[in-house]
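Quick heads-up: it's one chain on its own, the form predicted alone, in structure tokens.
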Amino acid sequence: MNPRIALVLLSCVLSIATGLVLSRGKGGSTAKKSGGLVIGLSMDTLKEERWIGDRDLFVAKARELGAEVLVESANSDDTRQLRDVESLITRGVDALVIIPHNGAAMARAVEMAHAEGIPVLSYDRLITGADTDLYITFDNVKVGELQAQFIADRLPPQGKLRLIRIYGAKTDNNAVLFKQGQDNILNPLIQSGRIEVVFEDWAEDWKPENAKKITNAAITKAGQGIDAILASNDGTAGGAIQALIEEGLAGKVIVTGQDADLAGCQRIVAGTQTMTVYKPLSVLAKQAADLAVKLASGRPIFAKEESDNGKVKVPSVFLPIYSVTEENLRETVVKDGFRSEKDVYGE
């Protein structure tokens, strides 16, 4: 039997029995011969504040653990991201960490990496249709549930709540999971008539300007009598709020978000955004770096959860999340050091 296949089978058996995951190891890579571990980090984009922070935290932690990180950003282009992966493989990385723009498109990247014996960690977004080694993320279905529950808890005593739903990018598996969680809470209320969805659409590439267009179209169709906007992240919330400002509705409509972006936190303080979901990104980035170094060095990893990616059940690490409003912003985002008091409150 092919030794790599045997190792994968052993990994699967141990994963089922104990949660233990064994990594694929290259053995004698160019990087290892030069005396140190090298991690390849293939990113979807660096155009959003959130991802710049992830990169910086990941690189710093990996270096602390003695590994070099080679970073490539694809500018939300699938073809470019595949080229980035090819480049990282050619440069002799010991492990590959991928934040996919399109989870399905990156299945090819996993195949290329495994052909060279390089293990792959899917970071925050799940790579689908591939034999991915490990996945680290937050519970993305729970993110959607927190967003939707926030709105459900604020239904009017009489009548129905009129809602705009703004989803993320169709190419992002996380956006699908956020919607799944939202649906878990909202569908019974929609079916009972307590909530009316007046407009819904997907924001291509998570761009705020696309969220603004969706909100403008919703108001044109349904009028100004909007009670809430379920925006799937803070960037799309910002785009929606810009449309509300133009209509004189900012602060009068419930607006959800996610990521605890600085701008999102500032809008919560200002009263134009109502909530965000705080995902401790510093924990995600640092733990991902630790896992990547373990994969690169062939050390065992314990992953108690699994995620079905359409081909295999990928060993997974889920991290906790928190619903944040003006009432607990200081006790969560600021207290953790994720955002400073001065930056958020201007004091």
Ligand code: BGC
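The structure presented is a predicted model; accordingly, all values stated were derived computationally and were not measured. When you see a residue number, it is the position in the sequence shown, counting from 1.
The form predicted together with the ligand is left out here; the points below concern that form.
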For the unliganded chain shown, is the site open or blocked after superimposing the ligand from its bound pose in the predicted complex, using a cut-off of 2.4 Å to backbone and C-beta atoms and a threshold of 3 ligand atoms? open
Pick from 122, 215, 273, 258: which has a non-hydrogen atom within 4.5 Å of the ligand in the predicted complex? 258
Just checking whether residue 182 would be counted as a contact of the ligand in the predicted complex - the rule being heavy atoms within 4.5 angstroms. no
So in the predicted complex, does residue 174 come within 4.5 Å of the ligand, heavy atom to heavy atom? yes
Distance check, residue 50 to the ligand in the predicted complex, heavy atom within 4.5 Å: yes
How about residue 167 - does it come within 4.5 Å of the ligand in the predicted complex, if we only consider non-hydrogen atoms? no
Okay, which stretch from 318 to 326, 304 to 312, 50 to 58, 290 to 298 lines the ligand in the predicted complex, with non-hydrogen atoms inside 4.5 Å? 50 to 58
Note that the ligand is not shown here; using its position in the predicted complex, name the residues of 267 to 299 with a heavy atom within 4.5 Å of it, in sequence order. 279
